[in-house]
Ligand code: CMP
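Just one chain is shown here, as structure tokens, and it is the form predicted on its own.
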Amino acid sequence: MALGIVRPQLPATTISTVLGRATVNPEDPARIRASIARAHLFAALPISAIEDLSQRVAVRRIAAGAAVVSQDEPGDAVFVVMSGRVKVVLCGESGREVTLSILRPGDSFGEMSLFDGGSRSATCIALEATAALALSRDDLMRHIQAHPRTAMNLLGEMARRLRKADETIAQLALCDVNERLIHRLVGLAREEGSNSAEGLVVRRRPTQQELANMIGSCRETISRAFNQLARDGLIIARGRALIVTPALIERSERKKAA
């Protein structure tokens, strides 16, 4: 995967594709620095480190539905989401898809391949028009030599993902589909929901197939479980939005405590 890297003497650029041709457009340097500063991967870095990163990154714009990276391809860059959303998926030979996570502005992906030299472990697909910062392996290593604090941030991010993977494995082994669905709906509400009198409002309600992909089930099973939660008044589907009620959140917390 070829990536253009912005060098210090050049203005920051955006790399996009129009009718198969790469085009370069100016990108606001202040926006790039702000995106780096709010990224979890670069949290609490000094200004000097943020400035160094801003001179090394390139901006990639990805159309909705397009892959940013593909499973099993060589990994040569790490990405930070500036705007939009990206889903991380595993695709089986049968075509079945499992969604590992949904990434939002400030989230990063692609780090693992940079350190073990292996291929990409998953495919990352833009759910909507997305802009992402790309940092090559060589530039990341040069940056870490001058700013070792970034290496500690990387270790922290890897540990967070390992904990999340352990939690997912435990749910698959110990929880039934209904419990996994409740956990995912509450998680979505907390990640992107807004407060209302009825509960947390998720503006982009995932489809039942998307929910099935997230929790390792099939759409028919999710449909039955989802409709039962709606009949019980624990969730409210309203247009394209979904309201997760306090009662469902409380039920999820009781399950965790047990």
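Predicted model only: the values in this text are computed from it and were never measured. Just count from 1 along the sequence shown to find any residue number.
FYI, the form predicted in complex with adenosine-3',5'-cyclic-monophosphate isn't displayed, but the following is about it.
Comment: 118 to 126 is the region of 139 to 147, 182 to 190, 118 to 126, 169 to 177 lying near adenosine-3',5'-cyclic-monophosphate in the predicted complex, near meaning a non-hydrogen atom within 4.5 Å. When contacts are judged by a 4.5 Å heavy atom cut-off, residue 104 does not count as touching adenosine-3',5'-cyclic-monophosphate in the predicted complex.
Looking at residue 113, you'd find a heavy atom of it within 4.5 angstroms of adenosine-3',5'-cyclic-monophosphate in the predicted complex. When contacts are judged by a 4.5 Å heavy atom cut-off, residue 88 counts as touching adenosine-3',5'-cyclic-monophosphate in the predicted complex. Although the partner is absent here, residue 32 sits far enough away that none of its heavy atoms falls within 4.5 Å of adenosine-3',5'-cyclic-monophosphate in the predicted complex. Checking 53, 222, 214, 69 against adenosine-3',5'-cyclic-monophosphate in the predicted complex, a heavy atom within 4.5 Å turns up for just one residue: 69.
The single residue of 152 to 176 lying near adenosine-3',5'-cyclic-monophosphate in the predicted complex is 161, the criterion being any heavy atom within 4.5 Å.
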